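Here we start with a single chain on its own, the form predicted alone, put down as structure tokens.
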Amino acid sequence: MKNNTSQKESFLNGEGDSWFNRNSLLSEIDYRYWIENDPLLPLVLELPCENNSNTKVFEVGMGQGMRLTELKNKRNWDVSGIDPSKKAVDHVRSNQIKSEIGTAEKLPIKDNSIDILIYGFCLYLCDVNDLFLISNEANRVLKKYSWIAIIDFWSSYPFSNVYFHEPTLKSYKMDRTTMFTWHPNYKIYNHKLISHNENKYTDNMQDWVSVSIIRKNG
């Protein structure tokens, strides 16, 4: 029987909470290990932005909010985010981080207000029909001379697999930088491929993950 529920609706209606439940039981040791091995975090920390709350950071797919917490503590940035999981939002709010339930194609942010927009391993689960909306929303909320940071599955050509945790859903793989770099205002500043499970190189294309920093110049 064909499932007519969109990926977005599935995550808003429970799959997001299921993801949070699978990943929420981190000890302090696990937390430090995650932070020390997050391949995106050091790239974001080195961006040339002011070390104060004038720098606005927003993460789509924030999960437990660990990356946002580190950015707030280490750079004193004004951080916030969204996630389709109510449990994730409640958890992040309990740590004094601004957050809302939401998805990538409709961001609860004012125009031209964000210095760094992060996609935290979430785009591979977004409906392909929403990609234009997602890139348009990014362009709307970003300031001139701002940054996009992406960590996600990568492929040189688009394809999909069955989502491991829910067979009615799909995991979409592509080069996510192309959602933005088709426009002359967006340029890649940093891009590398690593293994999904370890921060090192791999020849297994099913396991490729990209970490990318994109500059918005206008």
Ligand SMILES: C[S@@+](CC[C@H](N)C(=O)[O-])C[C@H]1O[C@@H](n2cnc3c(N)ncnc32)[C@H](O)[C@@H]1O
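Here the structure is a predicted model, which is why all the values come from computation and not from measurement. From 1 onward, residues are counted along the sequence shown.
One more form of this protein, predicted in complex with the ligand, exists but is not displayed; see below.
(message) Is it true that Val44, Gly81 and Ala149, all three, sit within 4.5 Å of the ligand in the predicted complex, judged by heavy atoms?
(response) Per the other structure, none of Val44, Gly81 and Ala149 touch the ligand.
(request) Would you check, heavy atoms only and a 4.5 Å threshold, whether Trp34 touches the ligand in the predicted complex? (result) Flag for Trp34 set to yes.
(request) Using a 4.5 Å heavy atom cut-off, state whether Trp208 contacts the ligand in the predicted complex. (result) Flag for Trp208 set to no.
(request) Give a yes or no for Lys8: in the predicted complex, does one of its heavy atoms lie within 4.5 Å of a heavy atom belonging to the ligand? (result) Judged by the heavy-atom cut-off of 4.5 Å, Lys8 is in contact with the ligand in the predicted complex.
(request) Look up in the predicted complex whether Ala104 has a non-hydrogen atom within 4.5 angstroms of the ligand, and give yes or no. (result) Because a heavy atom of Ala104 falls inside 4.5 Å of the ligand in the predicted complex, the answer is yes.
(request) Can you check 185 to 193, 58 to 66, 44 to 52, 154 to 162 and let me know which stretch has heavy atoms within 4.5 Å of the ligand in the predicted complex? (result) Checking each option against the 4.5 Å cut-off leaves 58 to 66.
(message) Could you pull out the residues of 119 to 146 that have any heavy atom within 4.5 Å of the ligand in the predicted complex?
(response) Counting only heavy atoms within 4.5 Å of the ligand in the predicted complex, the contacting residues of 119 to 146 are Gly120, Phe121, Cys122, Tyr124, Leu125, Cys126.
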